[in-house]
Ligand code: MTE
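Take a look at this single chain in structure tokens; it is the form predicted on its own.
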Amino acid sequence: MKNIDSRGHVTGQSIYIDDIPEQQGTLHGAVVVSPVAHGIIRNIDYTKAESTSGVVRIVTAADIPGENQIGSIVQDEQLFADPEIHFKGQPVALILANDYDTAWEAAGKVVFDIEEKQPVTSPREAAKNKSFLVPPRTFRQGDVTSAFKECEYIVKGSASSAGQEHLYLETQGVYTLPSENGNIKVFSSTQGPTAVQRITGHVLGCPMHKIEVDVNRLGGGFGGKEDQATPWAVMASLGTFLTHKAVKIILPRHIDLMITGKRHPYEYDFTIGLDKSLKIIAFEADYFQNGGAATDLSPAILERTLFHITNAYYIPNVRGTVYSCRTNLPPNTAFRGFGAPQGMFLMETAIAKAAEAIGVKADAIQKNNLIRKGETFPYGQSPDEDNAVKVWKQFDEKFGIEKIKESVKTYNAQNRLTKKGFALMPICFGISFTNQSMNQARALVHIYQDGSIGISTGAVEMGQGVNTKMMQVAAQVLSVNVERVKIETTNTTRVSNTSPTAASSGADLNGKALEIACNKLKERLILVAAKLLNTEADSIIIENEKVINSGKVSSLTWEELVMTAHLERVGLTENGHYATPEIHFDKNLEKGHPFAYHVFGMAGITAVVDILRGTYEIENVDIVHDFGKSMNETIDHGQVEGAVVQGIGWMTIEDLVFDEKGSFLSNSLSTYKVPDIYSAPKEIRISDLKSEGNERAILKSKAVGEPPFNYGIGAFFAIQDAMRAFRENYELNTSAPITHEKVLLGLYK
């Protein structure tokens, strides 16, 4: 089945926040932001802003009827800074004007008097000051201290990985409408409608049922709209609450870039120990997470880093500690992979440094340590399958590891000014929210009198194709033509208490809930059909809109069956509720069964480096990926391709630059570069792992959003493998991203 949104996107008919027809009298909001990263507000002069023609009202912390607090996990983030500033770009007030341009013009006229303080931008500096967002956490397995004594090789090192800008095509946006009796309808570009509803109610001092949040689709999210869409929705709702008028906020791109949080930068220290056979015996590391000025989702991201510190390997002795450090940068937040890429990056860096020190290829260590069924990750769970080993074997059979290596070697012998490099990147990614309570979903299904079907779930469509998959689930379970099915907007009034569409769980959780609801309706219709055909329910099957009785197609049509059920007063509406079974984790012991299942895979990446210029191209990405039993190969392969390119961008050209004052310097598309058509891999080949799938995945089709992002990490090592082909004594640069500038300097150090 094709993606149901493709035609609308291409023809410009898809509806986003800024496409919603505006009510007469709509006010436009512009955010007044702090000009410094840290300080105390002594005075703010709004005189020039207030006198600007078209300005209706300026909203500040003093106007909040509830609490000036939008923290999700920890209550440490104000909607409007008062009186202390914690990062440059922190919202201080909201200008409401009759039009967009006037609002933003007035916002630029606000004059600040701030007692400026020295900001902290480094997580290591924050750690020295014991400035943590939450207490450090440690995962342990075995006894690393004793194990290191038994190691033949011990390698120590440090590393760092930078942040990453989400760069969703649709910037943060919201449109709020006043309803009668003090209710507010919020059209929000958010991955978490319930979070918007809950926190808006908290700030306005009203119950959640007075706030209706509706999401049609997002123009991209990648985690950047999981929590960070909330402030703008709350501000607009506050504006509507105070003025009784519709309010619209659409952030300009440069403002969005400047004030929103990114992927968490990390700094690392590690020690890895191996025996003579290249088995990793012990691994320990400290992870310094740059959380920014407020907690946001940092504790959950910290936790997922810990869940992935050994990637796809079994290591009997492990100690990993993550420090979530408070700095004076915008609060960093969810991003595709949610902390797992940072954990995997360090594991692969440690392996690469060990290989360099021992004098072997990294893949010799990788292959020798792949986790098998029965072996445990540091958090106590074992994989259900030997898929790490199966992936490696299928990759070798499909693409030929030694064949690729020989090809690279031959190329390098024949070319003086360009060199090729090759690296393998195995992955293992756990699927579920790490917060147990979030592993639940609901779905509401209506079958109308004419046989058409309406579906509401908690899944938010943001380009990943979840709406298409939901239509497939309904059509398959009810066995009807997909054209009968309509996907409704994601709405907190129809489907309540939803988890955000994140953690690669949107299709699994909501699809399972939808499957339950559709099966209940199907059972009722079968009972009606059995009564009409004077037979037992066990004899009835509904297949392709036909009612089959004891193997023979009856004359009863789908439409007749539905209408008869309605006339017989049989309920044609059903709710489905799904909670992932067996999910548990003891945070006191740091052990448990946190994931429904794991997704495995491996990428082989070939890079070509221009020796004179320091520039590079990613030539090939070959992948074996664990899709389970893919329910939509086109969408799933598209997700892998997009994720790989985004992952490569994080490891190569995407360079977030802040100065010592906490100013974001690469805050435009002329200074912050993402992979375009010229820097995308020349070829991506994907082979589906031969697998039976997993019952916990919807229709055995495994989650696909986040795991393949991690394949991009391989580009970091492939580029440096090419550099080593030019300069034999080249030492691995452990600071990502490996930009063109770093390559040029590294070639001629």
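So that there is no doubt, residue numbering starts at 1 and follows the sequence shown. This one's a predicted model, so the numbers in the text were calculated from it and none came from an experiment.
Just so you know, the form predicted in complex with the ligand exists too; it's not on screen, but the next bit is about it.
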#### Entry: Location of the ligand contact in the predicted bound form, chosen stretch of 506-514, 156-164, 443-451, 575-583 [non-hydrogen atom, 4.5 Å]
506-514
### Message
Is G223 near the ligand? Define near as a heavy atom within 4.5 Å, in the predicted bound form.
### Response
yes
### Task
Although the ligand is absent from this view, report whether G705 comes within 4.5 Å of it in the predicted bound form, heavy atoms only.
yes
#### Entry: Any non-hydrogen atom of L521 within 4.5 angstroms of the ligand in the predicted bound form
no
### Query
Is T501 close enough to touch the ligand in the predicted bound form, meaning at least one heavy atom pair within 4.5 Å?
yes
### Query
Does the ligand come within 4.5 Å of a heavy atom in each of C151, P316 and R319 in the predicted bound form?
no
### Contact residue in the predicted bound form, from L94, A350, V466, V562 (heavy atom within 4.5 Å of the ligand)
V466
### Task
Have a look at L133, I623, V495, M462 for me and say which one sits with a heavy atom within 4.5 Å of the ligand in the predicted bound form.
M462
### Interface residues of 334-349 toward the ligand, as seen in the predicted bound form [heavy atoms, 4.5 Å]
R336
